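What follows is one chain in structure tokens, specifically the form predicted alone.
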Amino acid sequence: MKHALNLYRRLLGVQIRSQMQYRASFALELVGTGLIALFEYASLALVFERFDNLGGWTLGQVAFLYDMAEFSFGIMDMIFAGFDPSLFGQNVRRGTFDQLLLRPVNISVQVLGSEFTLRRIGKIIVGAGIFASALALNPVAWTPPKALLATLMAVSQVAFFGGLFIIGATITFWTVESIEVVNIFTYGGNYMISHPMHIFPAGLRQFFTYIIPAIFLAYYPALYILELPDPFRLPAFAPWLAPLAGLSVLMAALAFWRFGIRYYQSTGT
């Protein structure tokens, strides 16, 4: 474990130094990712210029969900960039993944350290800033349990979406190219948890409750933190299922990844 962590730290160092080599380009990318996140939030705010609420939720309440998701997804996209299905599929097709398999080093650590998109910090910073403004719009009476749950929300969402990236990367062992259905669960799932879950059709909501437990990653913790009523009347412990939901998806993804590695066949390139 210690050796793997040291290796990962060194791989990250290489990635960071290479991306910082051209400071002006890095700064522009940093600003660009931040502006994209800001404009996306502005489009959400414009909706509330026309409508007073979204499913009974105010702008501050929806922004709480939205910005927590943006913040967490930005961290995940930075850390798990090596497993991004669209990029990983190219490595499988070109045969560069085979090179990693030939090295006497943990393959998961190598893939994690192969990409580290530092420019995502722009999105993370903007997400954190807008989250602070959301709290100003909707003051929260913070208590130790609420602070703990907010932290668990972020960590659980990182684990959840990281797991989906790993599943998407593993699927490319057989499809070679990334398939769009994976984006339904990654970017589509990010959209789902960015909005109050009760506004979606019952079938879609049930899918993201009982098949993919996304409802417990943001919606139920937000109900607890913002002290809002539960329209579905789930048990009182439902908000605290966020870590279980996030880690279960990540653990299942890692098991699927090991299965894929075991039966991986090179494309021959």
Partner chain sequence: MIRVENLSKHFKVFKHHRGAMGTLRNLFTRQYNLVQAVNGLSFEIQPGELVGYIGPNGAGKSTTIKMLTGLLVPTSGELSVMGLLPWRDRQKYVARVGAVFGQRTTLWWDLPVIESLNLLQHIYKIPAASFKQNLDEFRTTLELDPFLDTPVRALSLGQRMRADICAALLHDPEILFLDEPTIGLDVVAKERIRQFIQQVNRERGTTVILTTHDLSDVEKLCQRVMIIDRGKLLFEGQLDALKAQFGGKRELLVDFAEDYPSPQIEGAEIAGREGGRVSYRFARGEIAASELIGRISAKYRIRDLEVREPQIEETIRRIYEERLLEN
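Numbering follows the first chain given and starts at 1. Since the structure is predicted, the reported quantities are computational estimates derived from the model, not experimental observations.
This next part talks about the form predicted together with its partner chain, which is not shown.
Sort through 158-166, 99-107, 118-126, 136-144 and report the only stretch with a non-hydrogen atom within 4.5 Å of its partner chain in the predicted bound form. Of the options given, it is 99-107.
Check residue 17 for me: does it contact its partner chain in the predicted bound form (non-hydrogen atoms, 4.5 angstroms)? Yes, contact at 4.5 Å.
Mark residue 23 yes when one of its heavy atoms lies within 4.5 Å of a heavy atom of its partner chain in the predicted bound form, and no otherwise. Close contact is absent here: in the predicted bound form, residue 23 is far from its partner chain, nothing within 4.5 Å, heavy atoms only.
Find out whether any non-hydrogen atom of residue 258 is located within 4.5 angstroms of its partner chain in the predicted bound form, and reply yes or no. So residue 258 does not count as contacting its partner chain.
Check whether residue 253 has any heavy atom within 4.5 Å of a heavy atom of its partner chain in the predicted bound form, and answer yes or no. Looking in the predicted bound form, residue contacts with its partner chain do not include residue 253, since no heavy atom lies within 4.5 Å.
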